[in-house]
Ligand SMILES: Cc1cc2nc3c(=O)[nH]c(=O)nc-3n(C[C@H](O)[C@H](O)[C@H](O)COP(=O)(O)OP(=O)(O)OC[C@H]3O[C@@H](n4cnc5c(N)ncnc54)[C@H](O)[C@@H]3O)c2cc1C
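Quick setup: one chain, the form predicted alone, written in structure tokens, and binding and motion questions come after.
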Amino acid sequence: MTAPLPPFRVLRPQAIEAAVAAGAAPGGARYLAGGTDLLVNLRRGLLAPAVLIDLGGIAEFADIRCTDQRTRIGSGVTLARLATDPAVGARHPALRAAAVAVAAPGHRNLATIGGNLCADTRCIYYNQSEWWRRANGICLKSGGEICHVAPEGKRCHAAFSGDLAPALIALDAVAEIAGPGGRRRIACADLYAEDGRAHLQLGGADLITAIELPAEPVRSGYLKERVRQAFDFPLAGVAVALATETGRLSMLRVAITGTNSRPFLVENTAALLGRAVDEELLGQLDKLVQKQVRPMRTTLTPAGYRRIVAAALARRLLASLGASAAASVA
């Protein structure tokens, strides 16, 4: 059951600076792009901003520009466009695969790259109607005093479930952010913190304006596992980017979503460089992933299963990309 939308005003600025100024005004405001995450949360009573700032009129947000050095994607580019842009698909297969994996076609026609990066964390105790949450005890993320997932803990364990973030992290992408203090750049990996209540490292009025990716050729891909294969959020999602020299790994970046409160880059993969992709190496990657993912009981699927799934996806994807690299030089 969902409630009527709370009352709010809608502003439609035509420039980034005007949007940021509106976002910094007193009273509480939220940026609105496709609204596929935000509007659902409004109907469930999870948010009640006084102002929504519609970003659809800002032309800069809709640009995709490719040069020899970089790919620049405006944060308002829809996932449907991202999934079908030939230059993006050729340069960054993981990003295209991640965009295709999000929800259903109707969602992708509206959802944007910036919105997906800023999607809220999710938990079975939080993403419910207001009456359900009150009946079961308001949780830490909703303003209560206890996390139902980890009652003895002091932080929220809601999981980040966006699909684009791990692809961009694996591809070493950088986010351009506009805020009250001007514009700055930050690695996509540094956008997030391990806290389900405050997973974004952004100020209240900060706005992601664009994403930039290096144009260096790397092999990349993204795989996810979900309950409903045509629609659902990831139980675990894995992006891999790699480069090889003479059949051996010269670069490897593995990023995970769906298990922790933030998407993250798997650490210690440097130990795998200089080696061929074989069963021994895949087994070592499996162990690295299983040690670093921290799934909790935030979905109806057991946490242990999601840990195993994340490791299996990483193995499968690295094996596939490694085989493709080997075939190209055979």
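All values derive from a computational prediction rather than experimental measurement. Don't overthink the numbering: it's just position in the shown sequence, from 1.
In what follows, reference is made to the form predicted in complex with the ligand, a form of this protein that is not presented.
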property	result
Partner-proximal stretch of 110-118, 80-88, 243-251, 185-193 relative to the ligand in the predicted bound form, 4.5 angstroms, heavy atom	110-118
Proximity of Leu38 to the ligand in the predicted bound form, heavy atoms at 4.5 Å	yes
Distance check, Asp232 to the ligand in the predicted bound form, heavy atom within 4.5 Å	yes
The ligand contact at Gly34 in the predicted bound form, heavy atom, 4.5 Å	yes
Contact label in the predicted bound form: Leu207 to the ligand, heavy atom within 4.5 Å	yes
Leu285, Leu42, Val266, Leu55 - the one with a heavy atom within 4.5 Å of the ligand in the predicted bound form	Leu55
Listed residue that, although the ligand is not shown, lies within 4.5 Å of it in the predicted bound form (heavy atoms), from Leu223, Ala175, Val218, Val102	Val102
Sequence-ordered list of residues in 159-189 near the ligand in the predicted bound form, where near means a heavy atom within 4.5 Å	Ser161, Gly162, Asp163
